[in-house]
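Consider the single chain below, provided in structure tokens and representing the form predicted alone.
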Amino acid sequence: MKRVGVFVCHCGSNIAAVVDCERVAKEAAKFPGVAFSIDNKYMCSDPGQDLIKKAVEEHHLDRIVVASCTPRMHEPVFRRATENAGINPYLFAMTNIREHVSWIHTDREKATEKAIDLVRMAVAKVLHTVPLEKSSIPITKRALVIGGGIAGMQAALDIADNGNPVVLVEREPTIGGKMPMLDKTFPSLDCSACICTPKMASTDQHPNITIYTHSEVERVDGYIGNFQVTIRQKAKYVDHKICTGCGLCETKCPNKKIPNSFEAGMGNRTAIYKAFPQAVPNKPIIDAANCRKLTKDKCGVCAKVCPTGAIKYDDQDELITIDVGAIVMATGYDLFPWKEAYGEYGYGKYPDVITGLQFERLVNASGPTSGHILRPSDGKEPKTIVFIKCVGSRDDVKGKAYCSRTCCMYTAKHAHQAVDKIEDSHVIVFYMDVRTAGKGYEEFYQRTVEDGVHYVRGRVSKIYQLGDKLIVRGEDTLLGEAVQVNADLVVLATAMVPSAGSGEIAHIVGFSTDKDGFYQEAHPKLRPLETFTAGVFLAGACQGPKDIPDTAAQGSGAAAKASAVLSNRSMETDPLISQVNDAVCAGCGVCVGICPYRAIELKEITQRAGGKTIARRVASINSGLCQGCGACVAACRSGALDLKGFTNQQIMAEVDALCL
């Protein structure tokens, strides 16, 4: 005879303010199979969990139902309490009477009746549960970090310092990300390169870190602890094993007019190049699309002058396969493509309308103007500079709805640098709001105002060229009047957006993105570093806009999560996964395509029928990959698939209980 214990939580006043919890417990005591029922103010507290253990002992319970708040937050706690009481943790059911009842209803009588129905359904379900057991899988003690910016480097270093091998994959020819492009970092105005380049060198020199630059992850198979990763090492056309990085090839290359992405398009480079002087690895690659030898079979100067014979025009892409136990995603960000969206700012046709990243290169001593702020159009020093914030962010119509977080501070930094570097300059900042939510940030902003920067609260409606001036028209919403500025230079604080190709790599690795294309965390508060794919963690701006301190912190956090996985020889897997009835499975393969975690494949089995051995295909579940989402169960045409813990029998028992 099955004996169910029901425990109804008040959740302080979160539930009890709308639901009569005592009545729910009394009604639950009348349900078939219920041997004990009680309400308690805080079931998730230690006394509440002790109540479960005591009730199991006194009333000989063999199944538990808890009616409280969200299972996502508290189900593991109550499963543990059930197990500590001597009951299999999967002979437990939980129903949510907070989010599903008290938080969405105001009528106490109807809310209580609904709560009673939900508890009745949970009891009906738990009566059909069976004990489940966890299994274990081995762990490959190596991590993969995808992305070599500040988040990726921090994660790789922390994992490597814990004694674990790390493979770092970066699609650009050098690690470092965008941080080496910056001049100063707020709020301390430290030299960005002085912080970043030592981190790059440490990453390169660490004995536990293997770096693949100019490479991309092409395929990921397997599951937590046992991922099989295929990396495409793109052709560099330079043998880095024998190249000394002397730079002679770069100086002799005749094609010197290629826009330099490291200079944000404000400078040129050669067809064979290093991204910047401190690049890691500090050796060049050939830009195949712009190399005359590779495109027209002409030139070949770099091969002629190379003292070590490192130039390899016949170089080919190489596929490398590795096994890893955990993956850290650190793919970074790009800038919002404002030219297509904001025609009122000139569609990009005015050379003196630039982005904040381009301004970073202008003000940087290693930039195209050696740190002198000069107008791109004529090389003259601008005296009146306008900064426009929220270009592409906080704009539901043409941009992104979210705040990009860093724009207020990097605009304040740029305004401070303009005032500091240009004598008698006039600096105006158009803003919607000023948001300075970091340590020392508000003080830095106030310092900028004290420097003489004029902040105008309002949007800019139009920018157009008149002679050698840019006419900036906007509105001062505090004064309620139109504003017109004759500017020499306009700097746009463009929003941060997911890096190009980040959606494709998310699909390859096997997790989801949010509505804006950033990587979706498992829970914004409780699991901000994890994805719904076990063993895959998030670091930096790939998860959402972040400044450097938050990016580095999240890199270390993701490293801690990955190291926790790698610290074990094996790990337990959740038994709440799909199962296949081979006798019923038709082998149609619909479930294979619908599984978001790639946990299902078709396998061939043999069976005897009519005196003959027949081979046929059936679905097979990878227990390490399956996350128990149930998509395959709903799609299965033959009814061969079922979900442990949420079987068709259990679901139908809930429906029947509700219809009584």
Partner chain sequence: MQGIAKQDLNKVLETLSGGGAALLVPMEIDGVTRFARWEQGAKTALGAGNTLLPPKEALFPQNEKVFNYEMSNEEAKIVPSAAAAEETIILGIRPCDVRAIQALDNVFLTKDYVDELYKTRRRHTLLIALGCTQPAPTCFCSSVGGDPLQAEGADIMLWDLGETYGLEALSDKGKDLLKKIDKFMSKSRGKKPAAGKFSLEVDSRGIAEKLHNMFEDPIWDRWYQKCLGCGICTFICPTCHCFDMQEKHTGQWDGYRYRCWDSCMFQEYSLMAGGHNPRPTKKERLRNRFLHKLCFFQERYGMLLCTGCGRCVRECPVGMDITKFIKEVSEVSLNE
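Heads up, when I say rigid core I mean the largest set of C-alphas that superpose within 1.5 Å between the two forms. Model, not experiment: these values are computed from the prediction. Numbering follows the first chain given and starts at 1.
Another form, the form predicted in complex with the partner chain, is not on view; read the next lines as being about it.
Distance criterion of 4.5 Å from any heavy atom to the partner chain in the model of the complex singles out 120 from the list 142, 236, 120, 293. For the residues 34, 56, 43, 599, the 4.5 Å heavy atom test against the partner chain in the model of the complex is passed only by 34. Using a 4.5 angstroms limit between non-hydrogen atoms, residue 603 is distant from the partner chain in the model of the complex. Counting a residue when any of its non-hydrogen atoms is within 4.5 Å of the partner chain in the model of the complex, the one hit in 640-660 is 660. Residue 583 is among the residues whose C-alpha shifts by 2 Å or more between this form and the one not shown once the rigid core is aligned. After superposing the rigid core, the Cα of residue 224 is displaced by less than 2 Å between this form and the one not shown. Once you line up the core between this form and the one not shown, the Cα of residue 200 stays within less than 2 Å of where it was.
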